[in-house]
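Only one chain is given next, in structure tokens, and it is the form predicted alone.
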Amino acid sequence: MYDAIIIGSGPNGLAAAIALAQKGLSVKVFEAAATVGGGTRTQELTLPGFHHDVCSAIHPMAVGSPFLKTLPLEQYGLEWIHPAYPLAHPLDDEPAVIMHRSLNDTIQELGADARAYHALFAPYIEHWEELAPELLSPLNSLPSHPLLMSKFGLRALRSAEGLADTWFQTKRAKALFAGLAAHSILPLDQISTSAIGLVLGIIGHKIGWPLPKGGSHKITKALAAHFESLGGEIETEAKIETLRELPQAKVILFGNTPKQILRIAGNQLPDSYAHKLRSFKYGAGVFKIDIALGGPIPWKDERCGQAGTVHLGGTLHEIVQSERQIGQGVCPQKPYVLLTQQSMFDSSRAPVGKHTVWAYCHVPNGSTQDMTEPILRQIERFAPGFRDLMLDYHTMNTSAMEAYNPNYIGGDINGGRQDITQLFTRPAGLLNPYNIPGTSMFICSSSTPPGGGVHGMCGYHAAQAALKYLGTKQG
């Protein structure tokens, strides 16, 4: 008998496994794929020698994670690269807006909105170490810093469109904030979308938006190696269809979303809880394209070539419109595109003189529409001649995303819709979101707080809930 079994070896599953193994528990992880990784794997998707991140690419939350930063992952080959600029947001007929690591350098980009941008971000950048554990925790305890949290909440629990329109005057500042907030994968007129923009901006200035040298797979390879050094076991190519396939264990942790948990655990879930899981809402999906290039992207504004991430969407109004269309079930013809260019900073990603491009846009959940042309048009809009450099490309629609990672239901990379109804109480609206009531089973996936992102905090908190349960039972 094991003390704990975990299904899934993504960042959350491995974080949970490590947190349990650190306490001396016997832990085994089962992974359906041939390698660990979940949403953090790197493959040659186009041509030989071009190494593309299949899912996640840029990882500010991994470096800023209160749990992951305590682990000696650098001992297992994890090395972070910081581009010259975390983010660039090009605009038509004027210089791009650059988000620098330095807050003071960033406000120089914003003209009349310099003071407003500083006032919006500075208090939280200064206190990120206190704020991070609060923001990346479930709402089942009183905050340790109530004044700081309440001040943040007044701004975070607003729509991104509303905050940007009332807080800023200039097109540049509004566009920059819209691009940050659109990572929420929600229409920007919805409450709480500003929270995502604030958090990503704070981290960008406090920590940066780094990428792992050699590819995103380096993160989970390092986590797996550390887990095994603690005595943990990992079995790959082991797809779990029912609980009967598992060895005996005191607790089971699911690194899965509600749909899969219902399939695996079935009639062993309390009826009322199963009903809540069936009511769980999945969010919009993504369409992704990876490109092998014969040279660097020919940006109109050359500074964009020094940014790890580039947001292609134009103005606040354009981004609001494209994300609203997705909420209405329509694929936009001028989508908001997230693009990264890791090979500009990591020579291991492509042959000498060649480059990789990673890009995706949001689409309605389950959409099968090919968004290759709309994405390429948006890139070409800010980088004329881009198509002439393309050597090969590889696309993944929502079905391909789900086939690659079963947690991406309908192409939803966040483990569920992160609107105000599910942001803090996912997946079932319970005070303890990790424990399945009346059972020794727990959920450690991004379908629990604090939600999507490579930070491992869902797994960490689930492990704490399991440890508390085991302490109670053993006592």
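What you see is a predicted model, and the numbers here were worked out from it, not measured in a lab. Numbering starts at 1 and follows the sequence shown.
As for the form predicted in complex with a small molecule, it is not shown, yet the points below apply to it.
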query: In the model of the complex, the residue from I264, A164, C304, L293 that sits within 4.5 Å of the small molecule by heavy atoms; finding: I264
query: Listed residue (Q422, T46, S56, S65) with a non-hydrogen atom within 4.5 angstroms of the small molecule in the model of the complex; finding: S56
query: Exercise: G285 in contact with the small molecule in the model of the complex, heavy atom 4.5 Å; finding: no
query: Heavy atom of R278 within 4.5 Å of the small molecule in the model of the complex; finding: no
query: Partner proximity in the model of the complex: V454 to the small molecule, non-hydrogen atom cutoff 4.5 Å; finding: yes
query: The small molecule contact at W358 in the model of the complex, heavy atom, 4.5 Å; finding: yes
query: All of P83, H100 and Q341 within 4.5 Å of the small molecule in the model of the complex, heavy atom check; finding: no
query: Partner-proximal stretch of 234-242, 191-199, 165-173, 349-357 relative to the small molecule in the model of the complex, 4.5 angstroms, heavy atom; finding: 234-242
